[in-house]
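Quick heads-up: it's one chain on its own, the form predicted on its own, in structure tokens.
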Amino acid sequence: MLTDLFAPTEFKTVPVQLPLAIDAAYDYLVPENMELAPGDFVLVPLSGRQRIGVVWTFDEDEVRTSVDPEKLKSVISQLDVPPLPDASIVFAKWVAQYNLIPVGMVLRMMMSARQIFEPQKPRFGVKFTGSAPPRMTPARTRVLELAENGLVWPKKDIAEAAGVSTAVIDGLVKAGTLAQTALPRSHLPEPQPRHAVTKLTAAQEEAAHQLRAVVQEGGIFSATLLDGVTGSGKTEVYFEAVAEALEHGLQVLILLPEIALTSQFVARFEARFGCRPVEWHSSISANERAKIWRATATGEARAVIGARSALYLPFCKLGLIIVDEEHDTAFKQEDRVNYQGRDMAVVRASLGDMPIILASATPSIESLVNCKSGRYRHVRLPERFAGKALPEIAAIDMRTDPPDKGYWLSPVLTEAVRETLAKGQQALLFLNRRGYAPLTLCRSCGHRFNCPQCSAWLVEHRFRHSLTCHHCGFTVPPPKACPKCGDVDSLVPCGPGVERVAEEVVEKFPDARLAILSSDHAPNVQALKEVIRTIAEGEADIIIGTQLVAKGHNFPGLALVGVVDGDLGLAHSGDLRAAERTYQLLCQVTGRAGRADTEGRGLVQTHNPDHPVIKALLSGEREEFLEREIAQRHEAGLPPFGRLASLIITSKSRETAQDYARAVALRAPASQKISVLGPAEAPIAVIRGRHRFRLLVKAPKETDLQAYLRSWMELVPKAKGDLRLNVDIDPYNFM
């Protein structure tokens, strides 16, 4: 419960939270002619500068420092921007408290559309005045044929439509034939819940009925896991819940792990609801971000699809949240502000008293355990849409069917690709490793090419003619001679990346049309979307891809999926989720096959066909595999049955980082329940020239881990110079 913000006092003051790395809101005097309320955006002075902040609130148990009103500065002005909703303020505080980050940094994410705070500039177009120009040309004639309809045209649009330069338009304005006119503000299209009726199967209709019901409950928090095999039609099912929310006048937020790559999703939404949803991600322009931010705050934006950052938009009527591919690790933010987007979405729904739907073909163990405990509802779709069969999956034992020397595709997989192409179908070769080769070494002296700024090998990218570090971005052209021994032509690539597999495919299938789906092979998001389009429309015969191909895409002509290295993700012994992640990834990528009229098939190259992950994938015994994983986590007290926090200390000096890490560890409060492991040098000991040491905090689930960490951090000496201490609650990265 929030206290009265403006208690009677001789001086009228308000707390203002600033989007800086600070936890405290600062008090400011309110000018006599100004009325302010929580959520209002204001301009205030701070340290000789003017900054934008938000009128904040205080909880009943929150301690406020007393400041002499005579020393306070005044609010400069109130900004003409929709206020931040109360729900956003409460959410910001919760995210900050849970993740041990300054609340100002959460507010900064909520204020990411910076142009919203700048005056709105009117947009001008041109309109026909009715008078003819003194001189006519073919170009002018084409323009006037368009302008005679009396509409106001953006100058660029009418120039493109007429096939002329904007100079022709300027000439007609100068002649008085066209007049500059302010363009009316464009409005976002409104999705129509009943635009298209989707014919659902009996199983889908039952699932959709359950999801509609949670929306119809109205104003009640609930979490539902929509657990359906690949190709079962989960999207069409939760679209029914979206339609129900729209019918009730509510806003809907759909979170996707890779929003910039989901053009297919946008097309499906448009077909169902009659218009495109509002998209929110890092690739949209600054002007568009401001427009969307305002539309979300006013309720004009009814349906938003976005990356994890869309959680921090100022929704005024949010009534349903959907997290698609809820298992995907892309929902974990690890840059500057650490948080798990899926988990924070559940919190946002809980604080806002609304339903949330988590959808996946390979649900996370955390969500499954929540279903078993009764915290989440569990809705299943065990079969593919229209009775289509799941792909038949088999292992290729690389010990008995190895590839020829210098190659990476076994004869079994090569023949399967050949058979697939002969039927006019598509084949996908999956390898979750970018570039040409993960390591380059000298065959004469054994020299390995390492990054000078990281403890990592340089990855060869032959198409770009570079050796690149995937941690810091350091790049150099490959030398002709070994820098250590000087031997010429002695450098050899070790191991395959997608480029090396592509080289083999071109040699073995010279007539096949090839598409490479990897972030390295497209200069921007639009180029990646174009590659996905060409694949979906059958303009590629063989696709070679990294994990991008497992992001929920629908390729109707895809019949065969070949996993080049099924063992790749199983070697990370320090990662408690290594087996789970590998199973999810392999299941998702093989599930791309046979989704339309073709029969699907998956072949997994492995040196360890008896590994539990591989066996579960081949047998389809998902439940047995998951039960074993859950039991192991429970026995070890690991998430979701225990709690973890990671402390990472970095410095340009190894000695400085190590000494500070030891000082931090020595000040850990004694506890019989909480264990502090470390400090130890991180597996990747150096990134961007900064040495890294880690401590891992392990606690029972019922422990208030945040309170323990706060008391610990109060005892830790302040990091000085280039020292950095980063706390990550619920870590996903153990490198």
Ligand code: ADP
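Residue numbers run from 1 along the displayed sequence. Given the structure is predicted, the values throughout are model-derived calculations rather than measurements.
Not on display, but discussed next: the form predicted in complex with the named molecule.
Colleague: Report whether all of Gly233, Glu236 and Asn554 sit within 4.5 Å of the named molecule in the predicted complex, measuring from non-hydrogen atoms.
Modeller: Yes: Gly233, Glu236 and Asn554 each sit within 4.5 Å of the named molecule in the predicted complex.
Colleague: Just one of 304-312, 610-618, 196-204, 143-151 has residues with a heavy atom within 4.5 Å of the named molecule in the predicted complex, so point it out.
Modeller: Contact criterion met by 196-204 only.
Colleague: Using the partner position in the predicted complex, report whether Leu491 sits within 4.5 Å of the named molecule, counting heavy atoms only.
Modeller: Heavy-atom contact with the named molecule at 4.5 Å: absent for Leu491.
Colleague: Can you work out whether Phe91 and the named molecule are in contact in the predicted complex, taking contact to mean some heavy atom pair no more than 4.5 Å apart?
Modeller: Taking the distances in the predicted complex, the answer for Phe91 is no, it never comes within 4.5 Å of the named molecule.
Colleague: With the partner left out here, check for me: in the predicted complex, does some heavy atom of Phe269 sit within 4.5 Å of the named molecule?
Modeller: Judged by the heavy-atom cut-off of 4.5 Å, Phe269 is well away from the named molecule in the predicted complex.
Colleague: Should Cys587 be classed as touching the named molecule in the predicted complex when contacts are defined as heavy atoms within 4.5 Å?
Modeller: Taking the distances in the predicted complex, the answer for Cys587 is no, it never comes within 4.5 Å of the named molecule.
Colleague: Pick from Ala96, Val229, Leu576, Ile365: which residue has any heavy atom within 4.5 angstroms of the named molecule in the predicted complex?
Modeller: When the named molecule is considered in the predicted complex, the option within 4.5 Å is Val229.
Colleague: Scan Tyr376, Phe273, Trp408, Phe385 and let me know which has any heavy atom within 4.5 Å of the named molecule in the predicted complex.
Modeller: Flagged contact: Phe385.
Colleague: Which residues, if any, of 575-596 lie within 4.5 Å of the named molecule in the predicted complex when only heavy atoms count?
Modeller: Only a single residue, Arg595, comes within 4.5 Å of the partner.
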